[in-house]
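Okay, here we've got a single chain as structure tokens, the form predicted alone, with questions on binding and movement later.
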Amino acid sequence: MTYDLVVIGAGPGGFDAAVAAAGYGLKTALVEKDFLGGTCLNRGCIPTKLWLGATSAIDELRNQAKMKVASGEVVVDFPALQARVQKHLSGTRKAMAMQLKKLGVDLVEGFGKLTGEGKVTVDTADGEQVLEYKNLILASGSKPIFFPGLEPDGECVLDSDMFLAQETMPSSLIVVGAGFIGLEMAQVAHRFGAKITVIDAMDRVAPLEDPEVSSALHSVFKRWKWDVLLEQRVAGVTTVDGQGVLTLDNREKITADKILVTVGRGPVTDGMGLAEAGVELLFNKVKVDEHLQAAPNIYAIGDVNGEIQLAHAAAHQAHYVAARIAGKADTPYAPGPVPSVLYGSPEVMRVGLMPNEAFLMDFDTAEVSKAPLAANPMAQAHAATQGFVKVVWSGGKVVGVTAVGHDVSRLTLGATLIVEQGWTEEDVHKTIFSHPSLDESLLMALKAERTKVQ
């Protein structure tokens, strides 16, 4: 059978592409070698958020206890939590499969490889199945990557997939890599009482964020008595006598029950026959043009194209490419500002340009305005007042927003719309912000006195 579209990979990008294409009336097949939902649903975003949600009351109680208004203990049953996670994931996958069936999308389970012009061969449990296509979308996602000496052994040295599959939470944990993945998982382990050590070769935690945000996070982790070792290079990690042993470049050794290695993720492109199909790779990433096209009739979306490793970015790209294949879009792909969030408590949200980027764009007009969460009634209500909201301006318009603190992910959509619309000072007074709400911190930051970026 010849399909209008074959999609390889059923993560957020691939699944949304197949659904959107079917909605346009395109005959579509979706190829997946593992589970529907990809890494995000099965081994990433969703399991981690279920962990954070189930343990959030531990932080809430701890904060209120410091105010001397509450006492007691919150006990989370970790095996029960893991069972709930699996039940939720299974139910979500079942719902996704039902949606595909209802839309007439053929789900083909197995590893897909390009095997000639307009052909994908899928290695299924029942043997090889050849799918012919008019258009192809590569949405094969990403996987954990490791520097030499940092490879997981599945015993005490784990990657993020292995960490999420644990049956018990360790009493001590070393996290190699102070990015979002490592910090979210470290927060969960901390709530279960684990002693946390975070190590990174960079000079700050969350190194892709605004330096002031990184400093605020570091301050919280220090108060939690985490050992945060920065500008430290790791020579190797291994399991010795049932313990994880990490060796630094200076030969110093640190031990813990488990070591979680989260130094990055790389695109899944191996063994797919991409080069033979005319798809160009750069450091394993699929090179795409302004229309997300990698070769004639072949597109690449999500982590595999290396543009940005976020599930919602992949889904947005998916809808654009499906519309383009259906003849509904002919302009270059223009996503607008893409938000990112570190979840937990504290949280971090960011959208648009940060101060250093605004300065490089136009150093004459780059400004920032800021409001502390301590002035917000909802932050006070939750006894979580550390943090701030920062607005970045250029040419008299809002070009970026970042925030750090309790529950600041709630500000993400509002901040994204403000950046997308390029609010001016006059626009700030056209919208009513509810009271009391965390949104008022965003309003306060918008109205605060601005200072030039140096």
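Here the structure is a predicted model, which means the values were calculated and not measured. Numbering starts at 1 and follows the sequence shown.
Omitted from view is the form predicted in complex with another copy of the chain, to which the following refers.
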Partner-free chain; cross-checking another copy of the chain in the predicted complex, the single residue of His319, Lys285, Arg204, His190 with a heavy atom within 4.5 Å is His319
Interface check vs another copy of the chain in the predicted complex: of Val338, Ala235, Ala165, Leu103, the one with a heavy atom inside 4.5 Å is Val338
- Item | Whether Lys27, Lys113 and Lys143 all lie within 4.5 angstroms of another copy of the chain in the predicted complex by heavy atom | no
Testing 224-232, 120-128, 73-81, 167-175 against another copy of the chain in the predicted complex with a 4.5 Å heavy atom criterion leaves exactly one stretch, namely 73-81
> Heavy atoms within 4.5 Å of another copy of the chain in the predicted complex: does Lys452 have any?
Replying inline: no
_Using a 4.5 angstroms cut-off on non-hydrogen atoms, would Leu36 count as touching another copy of the chain in the predicted complex?_
no
Exercise: Arg410 in contact with another copy of the chain in the predicted complex, heavy atom 4.5 Å: yes
- Query: Using 4.5 Å between non-hydrogen atoms, is Ser215 touching another copy of the chain in the predicted complex?
  - Reply: no
Looking in the predicted complex, the residues of 413-438 with a heavy atom no more than 4.5 Å from another copy of the chain, listed in order, are Leu413, Gly414, Thr416, Leu417, Ile418, Glu420, Gln421, Trp423, His429, Lys430, Thr431, Ile432, Phe433, Ser434, His435, Pro436, Ser437
